[in-house]
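As a starting point, one isolated chain is supplied in structure tokens, in the form predicted on its own.
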């Protein structure tokens, strides 16, 4: 019965349904009006300058060798919270006085990494010089014996990006996307390919070259980030985007890759419509939402191009579990690992500006239970798409 009432309300006029979402959009736009930003790195740095910065690194190595000294590379420390400042308008960003880690050429523990960095620098130099591009996978297969694993390449490319203070895109090294996007959205890829996310029930892969996207066209009222691919596919199969049209859905399939984060940022910068996050009511889901909103320590040097502080928490809230009387059989006890993660999250700097989020996390801490979005199906099979999300969006049930 309630599902039919919601449906009738939606059909009676989208203006009334989206009233609070439109009001939220105005509030968000007012909050950023007049705000200024200072990038940690230059977004539109010239190829010549990139080549010059690489040459400077090599020159210092040559100078050390000429003095019979073992060359040393200094990399900003991307794993320490002490190197990160929090700004509510930007998120987690690397502090100007950050500490560094040294990679010594004469140290058995770091000589391999030293060689890996030089190899990747040479690959990047050729790519920038020839105005060509390669994926991180291509770089790995350039010398699999030296790199040992794809993860080594991924880490070093980010280290070099941070060291040179340029975006990875500017280094001409791209990553394969794992995210998906669907809904009221059309755009052109850099090569002129037209992408229409409305054309079918199947989602479109997030571009590997988000910065090259142009001519974005959408009448969407909001963007919804969905933590899990399984939930995303369920919403897609239930025709959620059409039933609640116009909107856009995107998933990074768990912890988001850089391209999924870049896409969310691109949508915010271009459309400036509310962005909501739908994640599991557990510490892992909360952390994923915070990566979209405030960024991560490892990528704090590129915060201005990756974070979207306007992201709102739509669900699943720990308080929803009590309010909706989710069946106890659907609730899971917090593990020791969950509790440790929760304690760690509560100490993060962004909680000072999010008292409601802190209250929800403390509720989870007290109840000692967690739940996945799929648990709502135990209330009713179509509860998520027909009742929960429409009610949340209509009545402003976000934090």
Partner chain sequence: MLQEIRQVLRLVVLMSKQGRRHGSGSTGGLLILLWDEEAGAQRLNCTVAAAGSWCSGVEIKALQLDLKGRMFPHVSPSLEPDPEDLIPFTELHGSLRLLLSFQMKDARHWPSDWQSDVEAVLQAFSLANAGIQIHLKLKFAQKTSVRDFRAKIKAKVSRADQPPLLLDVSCPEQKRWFLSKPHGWAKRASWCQGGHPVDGGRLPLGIPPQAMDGGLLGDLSVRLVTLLHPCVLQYPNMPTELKSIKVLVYNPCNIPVSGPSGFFQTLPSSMDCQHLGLRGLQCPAHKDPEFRVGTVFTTEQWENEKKCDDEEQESSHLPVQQSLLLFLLLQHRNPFCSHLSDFVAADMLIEHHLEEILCNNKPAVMAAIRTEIGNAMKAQNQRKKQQEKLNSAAEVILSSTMSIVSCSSNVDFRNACFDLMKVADTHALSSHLGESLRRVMSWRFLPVGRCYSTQMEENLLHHGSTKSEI
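Numbering follows the first chain given and starts at 1. Bear in mind the structure is a predicted one, so any value in this text is a computation, not a measurement.
Keep in mind that the form predicted in complex with its partner chain is not shown, yet the notes after this line are about it.
Annotated contacts: 323, 333 and 337 are all free of its partner chain in the predicted complex [non-hydrogen atom within 4.5 angstroms].
At the 4.5 Å threshold, heavy atoms of residue 65 reach its partner chain in the predicted complex. In the predicted complex, its partner chain stays beyond 4.5 Å of every heavy atom belonging to residue 310.
Although the partner is absent here, residue 49 is not a contact residue: none of its heavy atoms lies within 4.5 angstroms of its partner chain in the predicted complex. Heavy atoms of residue 105 reach within 4.5 Å of its partner chain in the predicted complex, making it an interface residue. In summary, the region of this chain contacting its partner chain in the predicted complex, judged by heavy atoms within 4.5 Å and restricted to 257-265, 243-251, 106-114, 311-319, corresponds to 106-114.
This chain appears without its partner; in the predicted complex, the one residue of 137, 126, 328, 194 with a heavy atom within 4.5 Å of its partner chain is 126. In terms of contact with its partner chain in the predicted complex, the residue from 215, 205, 237, 122 that brings a heavy atom within 4.5 Å is 122.
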